[in-house]
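Let's start with one chain on its own, the form predicted alone, as structure tokens.
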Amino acid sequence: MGLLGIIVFVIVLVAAVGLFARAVYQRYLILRLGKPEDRFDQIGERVKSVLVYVFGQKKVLDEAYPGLLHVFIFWGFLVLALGELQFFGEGLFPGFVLPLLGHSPVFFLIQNVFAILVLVGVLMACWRRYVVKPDRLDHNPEAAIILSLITGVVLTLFIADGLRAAMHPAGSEMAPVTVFLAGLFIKQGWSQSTLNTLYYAFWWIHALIMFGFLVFIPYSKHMHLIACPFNTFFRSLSPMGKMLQPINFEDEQETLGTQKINDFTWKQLLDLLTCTQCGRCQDNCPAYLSDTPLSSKRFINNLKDHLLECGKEIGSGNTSNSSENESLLEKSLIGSVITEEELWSCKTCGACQYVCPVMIEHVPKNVDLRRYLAMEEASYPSGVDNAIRSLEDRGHPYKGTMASRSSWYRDSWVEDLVKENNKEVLFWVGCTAALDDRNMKIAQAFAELLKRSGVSFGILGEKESCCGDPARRLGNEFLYDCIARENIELLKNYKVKTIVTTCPHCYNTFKNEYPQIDGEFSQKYQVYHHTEYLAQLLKEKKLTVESSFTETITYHDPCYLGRYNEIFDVPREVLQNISGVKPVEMQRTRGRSFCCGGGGGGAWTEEEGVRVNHMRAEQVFESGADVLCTACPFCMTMMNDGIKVKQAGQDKVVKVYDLAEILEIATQKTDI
């Protein structure tokens, strides 16, 4: 290539890189609209996250077909990017050899193989997008542009390399596609001059496609190529149950909760720019699948569109904010970008976050917006306002119940436990197990198991209050804060060192959220869910299985136990300890378990149309199980109702038990 060609190349390269850098810098300036947030702890673990989830594609591969096609394209481009140095160097300076790689036959072989994998990935993507047409994918021109650019990059690389090999075959002997194309070109009988002209024609076409792709990336969903490594690096390293950040009410707050786009933190804004629009969140969202207004994908992308609109003038270099831009920044998200119906449709089950391959944290954003509605506007959906008022007035969310926290007591032994203050183990019963007739049986079964095991435990009885989880998930952070502080002070009056509860919501609140208020809480108390505690009692031989439970059982993973705290195996291990149990799994299980519909205020929300618990009940019947095992009072209530509705008119009867109830039966000397 002559001097003029090199000059033109440099001009095009600088222009492309400049436009790319300008767009990326614009996104950086947009992130500065967000509030501060410290995500710089545990650097080693964060680097590991990038290696595992970005380069290792761990979450992407959770779904075989789309995961595989993405890995083919991703890793193919990484290898091709390295080869581009040799490709461009050789085109600019004939005879150029990249150190270590250069004309290495092995490298050209590897490059050929990975280029083929990229094309296979593109074909798989086209089949999926334009033939299968899954609902979760947006069918817009952008996808076609991206796939066309990728195809153009690979095909022009193959052709240019084939033409080069036809002239100078050094290094290409082991590259099958290059050798094949070189053979075709040689058969044409073209002169060296013609081959050279064609080589540079395709070299330039390849270069222009590459540079065009580079410029296009920041303006498309492929911005995730840049944002994903950072978003993964800065992901929350805490359990999902610890992601909600408390509000310090002692500090003066301009606004309680999130109303405007710049009320989010910079990391929450980075989440928006990282979205790949893959739709995995939507495919696993019970709210979306039950035909509510909420789509977790649209939720993120509507916020993203608004963010980019707000950042237009900032990105153009105008950091002073014009009146138009200031108006956009002051625009309330609720009502104009996200509807109230969407916010209240969320079950806070965390399915969206759990499956997201680029580590977007959906639920905290939803709750932050709810906080504004709850604390600034006192706006709740029908039914939820009654639960909040009952929490304020009676210390539990069940308005109208005639039961008291002593209604579940069995026999006189409980009375002694209430009066004594020498117990290290506290059984925190929770509102639902104490006040709901069906769930009282769970509290009784677990207390009986503790008694049989010789565990010296106590309860708080009428002194017990709600843990505050419903208030927090419904956005009333102030009420939650008051409840939590009162409970923390109450526990200081007792010699308790271990807290055990049958409710995953109480468990999550004590284990992950009270330490946010009292930094010493996790040092003072060991917190167990009853499934963990029962597993420990079985391991220590304090509980012995005496009888069989000869029925087919399917276990329903509660969201706040499974996804929020990664407790999937322990309940299953307890069931496996019981003679005769025949376990079966539902189609949606473990991390992809389907919510019962009771979380995030769903237990008090008046749902219209398809109910989430009815959908989950259908999945139970599809599993063929005789027994549904739960490990959460909310799940018991919702699934008991769902099973009854779906059981009507069917011959098959499915019984619903908590794990404690099944184990109580199994530790008796009478088979079920």
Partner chain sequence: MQIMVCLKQILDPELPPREFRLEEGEMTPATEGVHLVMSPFDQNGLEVGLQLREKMPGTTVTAVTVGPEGAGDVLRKALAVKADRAVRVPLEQDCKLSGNIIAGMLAGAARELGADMVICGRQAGDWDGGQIGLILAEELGWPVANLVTGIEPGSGKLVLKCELDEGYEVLEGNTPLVAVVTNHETNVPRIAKVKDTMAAMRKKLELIDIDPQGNSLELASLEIPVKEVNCEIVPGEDGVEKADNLIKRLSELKVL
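Keep in mind that this is a model prediction, so the values were computed, not measured. Numbering follows the first chain given and starts at 1.
Beyond the structure shown, there is the form predicted together with its partner chain, which is absent from this document and is the topic of what follows.
- Partner contact region in the model of the complex: 472-480, out of 472-480, 121-129, 264-272, 197-205, criterion any non-hydrogen atom within 4.5 Å of its partner chain.
- If you check its partner chain in the model of the complex, you find a heavy atom from every one of F249, E376 and D385 within 4.5 Å.
- Contact annotation: R389 falls within 4.5 Å of its partner chain in the model of the complex, judged by heavy atom distances.
- Within this chain, E462 lines the site of its partner chain in the model of the complex, having a heavy atom no more than 4.5 Å away.
- Its partner chain in the model of the complex is approached by L256, whose closest heavy atom lies within 4.5 angstroms of it.
- Although the partner is absent here, M402 sits close enough that one of its heavy atoms falls within 4.5 Å of its partner chain in the model of the complex.
- Shown without its partner, this chain lists Y380, Y514, F549, W428 as candidates; in the model of the complex, only Y380 has a non-hydrogen atom within 4.5 angstroms of its partner chain.
- Checking E489, D437, E520, D393 for any heavy atom within 4.5 Å of its partner chain in the model of the complex turns up a single hit: D393.
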